[in-house]
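Here you get one chain, nothing else, as structure tokens; it is the form predicted on its own.
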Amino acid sequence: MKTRAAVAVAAGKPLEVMEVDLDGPRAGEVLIEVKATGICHTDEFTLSGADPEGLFPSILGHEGAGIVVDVGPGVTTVQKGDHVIPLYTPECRQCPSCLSRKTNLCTAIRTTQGQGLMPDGTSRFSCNGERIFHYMGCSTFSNFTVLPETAVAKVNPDAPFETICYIGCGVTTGIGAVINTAKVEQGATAVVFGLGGIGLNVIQGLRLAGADMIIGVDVNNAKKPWGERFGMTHFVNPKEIGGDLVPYLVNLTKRGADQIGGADYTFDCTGNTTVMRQALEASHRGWGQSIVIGVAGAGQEIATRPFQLVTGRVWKGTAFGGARGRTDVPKIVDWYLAGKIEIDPMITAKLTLDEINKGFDMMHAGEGIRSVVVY
């Protein structure tokens, strides 16, 4: 069949919207009509050429929502007409990682997914007979796409595609980092570094968990009202405090008889390795946890004095917020429908596929929170 897609033809070049060929689903696969897709910084990371695993030509996009239009042999968990969210972190429920219940990082198709291919080692996309690679197992910058059955989450059909597509990455990553990875408890203190799309979802995850003090850190003062809207209680611009950031945050988090200071939980949503160190060192001596969410560039390393770890601080990483896709994503959609979390205000631009490069330009300029392509 034919489908319209925004193709990344080469690193550093704008996406090209064109008609490409898409083979139907094979055994264990699902054909989806993508109704909406978010434009994420991870897509930009790959398009820029900074991603060491980036492949070209490819169809980017991993934050989508749509409808199942066909299924291959052996598919049992979804059927035609189901509303689904593609999962760049699948959940096969059978591999050692899934069975361990200690991680959400399913390994069943990781090798071929990283190669831009389906589990059988081939691609479903092509143009003029030439192969086009899949991206993160999703390729939602195409009006139609094929995914493994284990990489789609069936969700409530009452939820609008143009908002729940954001649950396919940003919302789940931020909220999940709080609930699944850090396991934040009521009354906790927390610092969130970087108030972009991920950071704002960390903030609303902290509000959902019942944190008392939620400090947002960003060099852009325009992010202050955004943070406050989603539950932030204090805002700090590092450029305006007149000194080192870590001691300032440690002092700010001193409460009552506890004069040591430091947050119970800190979250890096920047991908900046200097900020990652600051986040760790701003956490509380003895029990502070610092969660690394942002992805740094290839070859970059994080560092701190061993004393910071010996005295009880913990560095943790999280991917997709520790969420098990097929199990947890439908729950988050239900939270949205029940009003427990907000998404609509974060969708600050709705574009057509032909306008997709405009969405990347807006991201570069720091305009809005999330641009969504609606097919």
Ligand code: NAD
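Computed from a predicted model, the values in this text were never measured in an experiment. Residues carry their position along the shown sequence, with the first being 1.
One more form of this protein should be noted, the form predicted together with the ligand, which is absent from this view; the next part is about it.
- Highlighted residues Lys35, Ile67 and Pro148: none comes within 4.5 Å of the ligand in the predicted bound form, counting any heavy atom.
- Partner proximity in the predicted bound form, defined as non-hydrogen atoms within 4.5 angstroms of the ligand, places exactly one of 219-227, 204-212, 72-80, 151-159 at the interface: 219-227.
- Between the ligand and the residues Gly288, Gly197, Gly176, Gly137, the one pair within 4.5 Å by heavy atoms in the predicted bound form involves Gly197.
- In terms of contact with the ligand in the predicted bound form, the residue from Ile109, Val275, Leu252, Ala188 that brings a heavy atom within 4.5 Å is Val275.
- Contact check for Ala319: a non-hydrogen atom falls within 4.5 Å of the ligand in the predicted bound form.
- With a 4.5 Å cutoff on heavy atoms, Thr270 counts as touching the ligand in the predicted bound form.
- Mapping the unseen interface onto this chain, Gly294 counts among the residues with a heavy atom inside 4.5 Å of the ligand in the predicted bound form.
- Among residues of the shown chain, Cys169 is one whose heavy atoms approach the ligand to within 4.5 Å in the predicted bound form.
- Of the residues in 361-375, those that come within 4.5 Å of the ligand in the predicted bound form through at least one heavy atom are, in sequence order, Met363, Ile369, Arg370.
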